[in-house]
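Heads up, the chain shows up twice below as structure tokens, two forms, tagged structure 1 and structure 2.
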Structure 1
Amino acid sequence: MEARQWVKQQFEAAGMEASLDGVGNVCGRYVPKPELEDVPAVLIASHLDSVPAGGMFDGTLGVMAGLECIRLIQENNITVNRPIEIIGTSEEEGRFGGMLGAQALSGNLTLEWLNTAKDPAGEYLKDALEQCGFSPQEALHARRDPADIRAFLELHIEQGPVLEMNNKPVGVVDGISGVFKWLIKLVGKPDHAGTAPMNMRSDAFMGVADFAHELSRIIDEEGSEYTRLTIGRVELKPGFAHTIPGEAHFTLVGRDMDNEVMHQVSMSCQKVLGAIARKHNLKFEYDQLSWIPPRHFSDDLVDTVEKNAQELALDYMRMPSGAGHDCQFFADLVPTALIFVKSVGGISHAPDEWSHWDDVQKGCDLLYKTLLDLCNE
């Protein structure tokens, strides 16, 4: 919340109308002339949160790049014929499932979900909102009317190795992988690690280990070249060195560019987990925290970004995104585009996340040129 207040102050210092909405999205609106107030605006948005111990570029770069576009327009007295809004979204990393800020803006929230969503530790989203001075009811009022939006643009680091592998500073993204997130529980029987024979155990961790070994086979049989399956968090109970784990709670995140492939992969995961549970005499259950279908962006706007990359003589590539981003919630509502900046070593969500500043500038130049095209079409 301190960071959001700081960004709000930066928007105000740039002469923008600045506010926080009902989920903590920081909004800065630039209207060049009063008579343009009701003209559909161009939105530039990305997120301000990252994972614990994350890097400095993930999300925040896109918000600061949008603010720099406004500063350039003002400093150079550039004529624009649309309002421009810069938004720093909240809770993109999905501790409660989904991407709260973007879902609120695009109308993809329900009061039932806001009241029942909780994180893997059991904290409810509604309680976290209230601690920050918000409420589930206020969250629903953050929705924007698509008729008021000309286009949605986002600049983001790639967070992967593809651009670096191909020696390209920027990427023109034409779609985003879908993602599902599960919280899985395997329940066996805690027992003494020294006295319980190996063939008489109901070891919950062995279920996790067996499932982890099956992921590559599931992808080979049911997935595609874009499929990803990740076990990112495991908690064993009771968690003592000399006690056989009686429970294993773990997350599974699946991704693909095709919604049908995602369903096939998820069904296969259920079958494999059921078989493993029977093998180790375990009970198996899971909660689906979120299911976000893949999104394909507007061909016209992506073509415009690509044209601008060519006119700027940028060495770029057209590519999909394996990671989810705020812009995916707007792809079915308004023309949407995403620009990637190369990540050194493909590293992200880590303290040594880095993008070279000359690559950052190329991405920002491409964002700026595309913004001006949209504002003066």
Structure 2
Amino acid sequence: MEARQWVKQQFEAAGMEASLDGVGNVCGRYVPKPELEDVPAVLIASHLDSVPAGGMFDGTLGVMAGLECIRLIQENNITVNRPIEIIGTSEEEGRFGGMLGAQALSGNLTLEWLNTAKDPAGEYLKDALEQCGFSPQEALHARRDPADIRAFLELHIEQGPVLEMNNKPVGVVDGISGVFKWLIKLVGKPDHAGTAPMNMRSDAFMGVADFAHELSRIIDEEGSEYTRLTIGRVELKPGFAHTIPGEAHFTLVGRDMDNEVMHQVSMSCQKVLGAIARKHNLKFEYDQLSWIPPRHFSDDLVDTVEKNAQELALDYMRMPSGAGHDCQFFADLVPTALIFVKSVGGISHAPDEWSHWDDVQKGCDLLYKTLLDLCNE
């Protein structure tokens, strides 16, 4: 809340009307002339929070980039013919599921969810909101009418290694990967690691290992260059060195830019798991915890960003985002675009997170030029 108050002051100092909405999004509104008040605005938004022990660029950079655009416009007396709103969203990495601020803005929240959502420690979201002076009712009022929005722009660090590997300072993002998350359970028999011969075992871990071994083949056969399959969590039972694992519970997270490819990949995973379970004499079940389809940004606006990158003579690449971002909730509502700035070493969510200021400036120039295009079309 202290950071939000500070950002609010910066917005006010830059001549914007600033306020906190019902979920703590800090909104700074710049209206060039009173008669433009009701013209659909351009929103520039990213988040102010990051993970605990994270870095200084994740999220915040996009809010500061928006603020800098307003300062540039004012310092140079640039004519703009629309309201511009800079928003520092809340709880993007949040403990209540994440993306709270952006979901409130896009109208994705329900009163029931707001009243019942809990963090992993059991604290209710509604109590946390009230401690900050908000309420579930007010949270619902944070929703913006898409008719009032000309476009939604976000600038964010890449948080991955693709720009660096391709030696590009900025990325023109044309969509966000879909993602599915499974919890898979393999059940065998927890025998003594000494007495059970290798060919009489039902070793649940060998099932996980064989499955992991097939992931690259599944991607080669069913996936695309954007497919990602990750086993991030594995729990073995009983988990003793001298006992054959009788149960293995593990997560599988799959991503792609194409919903059909996601389906093909997930079906192949299912078949492979079935075959491996039979081979190792295991029972197998899985629970699909979530399935979020990919989002593709509107070509018009992405093309505009790309044209501007060319006009600015930036060394850029058009690319999808493997990670989720605030803007994804607006992709189906209004023209939406996302600009990536290169992350050194692809590192993020860590104090080592860094983007060179040169590259940051290139991203900001691209954001600014696109903003002016939208304001003066």
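This is a predicted model, so every value here is computed, not measured. FYI, numbering is relative to structure 1, first residue = 1. Only residues modelled in both forms are compared. What we label the rigid core is the largest C-alpha set whose atoms superpose within 1.5 Å from one form to the other.
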Exercise for the section: Mark the structure, either 1 or 2, that is the form predicted alone. Expected result: 1
Practice task
Assign each C-alpha to whichever of the two rigid superpositions fits it better between the two structures, then state whether L314 and S216 land together.
Solution key: no
Practice task
Can you give me the hinge-style rotation of the smaller rigid part versus the larger one between the two structures, in degrees?
Solution key: 21
Practice task
Having superposed the rigid core, state how many Å the Cα of D256 shifts between the two structures.
Solution key: 3.6
Exercise for the section: After aligning on the rigid core, report the distance the C-alpha of I184 travels between the two structures, in angstrom. Expected result: 9.8
Practice task
Provide the displacement, in Å, of the CA of V265 between the two structures, taking the core as the superposition reference.
Solution key: 7.1
Problem - Rigid-core superposition between the two structures, with residue runs of at least 3 whose C-alphas all shift by 2 Å or more - result: 178 to 294
